[in-house]
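So this first bit is one chain, no partners, the form predicted alone, shown in structure tokens.
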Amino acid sequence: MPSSNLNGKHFEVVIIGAGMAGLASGIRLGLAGKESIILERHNASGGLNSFYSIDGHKYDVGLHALTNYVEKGTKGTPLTKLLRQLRIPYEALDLSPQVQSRIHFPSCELVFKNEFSHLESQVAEQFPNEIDGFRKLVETIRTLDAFNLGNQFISARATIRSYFKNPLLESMLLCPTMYYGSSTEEDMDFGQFAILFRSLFFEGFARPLNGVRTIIKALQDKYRSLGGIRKMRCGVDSIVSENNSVRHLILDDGAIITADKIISTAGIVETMRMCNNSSPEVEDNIGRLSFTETITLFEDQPKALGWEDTIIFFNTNDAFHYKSPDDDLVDPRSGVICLPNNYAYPNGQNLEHGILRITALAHTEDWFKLDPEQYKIKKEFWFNHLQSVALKILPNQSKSPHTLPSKIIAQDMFTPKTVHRFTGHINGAIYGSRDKVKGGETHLDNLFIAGTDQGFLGIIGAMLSGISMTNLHCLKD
């Protein structure tokens, strides 16, 4: 017998997935007086941006920084718009701005803060012959209608290259934007590049003191206050259709429910598999990009070790490559170093322990082929290797350049296999499928896509996707 107590129930809207997009969608529906239910297969909300605990230590997953940060009252920005759409007060997110971040390449570094003028001055200093081209590119990005759902793919690499003569600057701008949102190898859509450039450099980075839990709690509390229903450990097994429309949903426990409309944040290929629609064209769209991430808790605050940056986007060669590794489980040549302690938290507060997070591109298939013992051995090897890479970039006050110069409290690591287990994303593909469904429509007239595979990425982007697809497909009338 079904254990979810939902068998035979009907809802105006069913939302598949309790990530940022799903929660935002539910809030918009609740504000409009629509009855909705969010179904989540796992035991925690947040999707790709969640958290977990081991031995009393809490670890964020996904959230290096909330991008699109602006100060309260800043008009016409994504953060301000989504808070207005969700009717959540700015203070509920408890945001503190970054200290400073950098893009690190062997022959050059660019430091940036939450004031765009700082990056511009860095480019002028490091690339004096390119500053005019940089300013022209910035103006193009500033005026581009990047959120137009009808935009076609335009190569970001080719477009950026048309403004510069020095390929190093092109690589240095692509490294952070690709790591924070590109689902395609070696290139990305220029519109997506523009959206990410604005969110990283025109606006900036921030973080709640208590991490992503603060954001999830604000969304859950709002959804609950509007009467929304959220069922955890309650996944959708299949979507049954008739006459180009969803007839009913079969849940993991066998319960059958119906809905006027369905918004899926599970991913386009994952959703099509629920529909038993796994054509070669659909399967060819499976994402190929995933990451490993090491997380180390240590005794000292990072600044005591001379580590001042909030986030470092690094590349160990002057030519930047962004693709799934061909010949190993991890590509250590580039990645992201995150120090969550280095935000300007209020009243001198900070995290209890120092935290070092190191992210790098991973093979999306080979991690799944390892038996349990091999998996454990490979995780340990790559944990140590990535930490060694990071310590060569960070100022190191220890006698050994490969040893963390502080007592280690705890450590963990996730891989594409972990991502798949807790999100359902095929291959553990962080940014989902290669080709996005910008308008959210599917082959069924009452089934719509929101979230990662709709095309708006990051925490703010995911929430905006949930809002915009709900407004367009559920509230337009």
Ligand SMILES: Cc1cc2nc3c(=O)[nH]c(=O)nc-3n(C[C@H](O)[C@H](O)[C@H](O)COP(=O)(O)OP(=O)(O)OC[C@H]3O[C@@H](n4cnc5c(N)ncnc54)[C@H](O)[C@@H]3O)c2cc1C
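The numbering used is simple: start at 1 and walk along the sequence shown. From a predicted model like this one, the values you see are computed outputs, not experimental measurements.
There is also a form predicted in complex with this ligand; it is not shown, and the following applies to it.
For the candidate set 417, 41, 438, 434, a heavy atom within 4.5 Å of this ligand in the model of the complex is found for exactly one residue, namely 41. Only one of 386, 93, 246, 274 comes within 4.5 Å of this ligand in the model of the complex through a heavy atom, and that residue is 274.
The closest heavy atom approach of residue 30 to this ligand in the model of the complex falls outside 4.5 Å.
Of the heavy atoms in residue 180, some are within 4.5 Å of this ligand in the model of the complex. This ligand in the model of the complex comes within 4.5 Å of no heavy atom belonging to residue 469.
Remark: residue 446 does not count among the residues lining this ligand in the model of the complex, judged by a heavy atom distance of 4.5 Å or less. Stretch 421-429 is the answer when you ask which of 438-446, 405-413, 51-59, 421-429 has residues with heavy atoms within 4.5 Å of this ligand in the model of the complex. Scanning 254-280 for heavy atoms within 4.5 Å of this ligand in the model of the complex gives 265, 266, 274 in sequence order.
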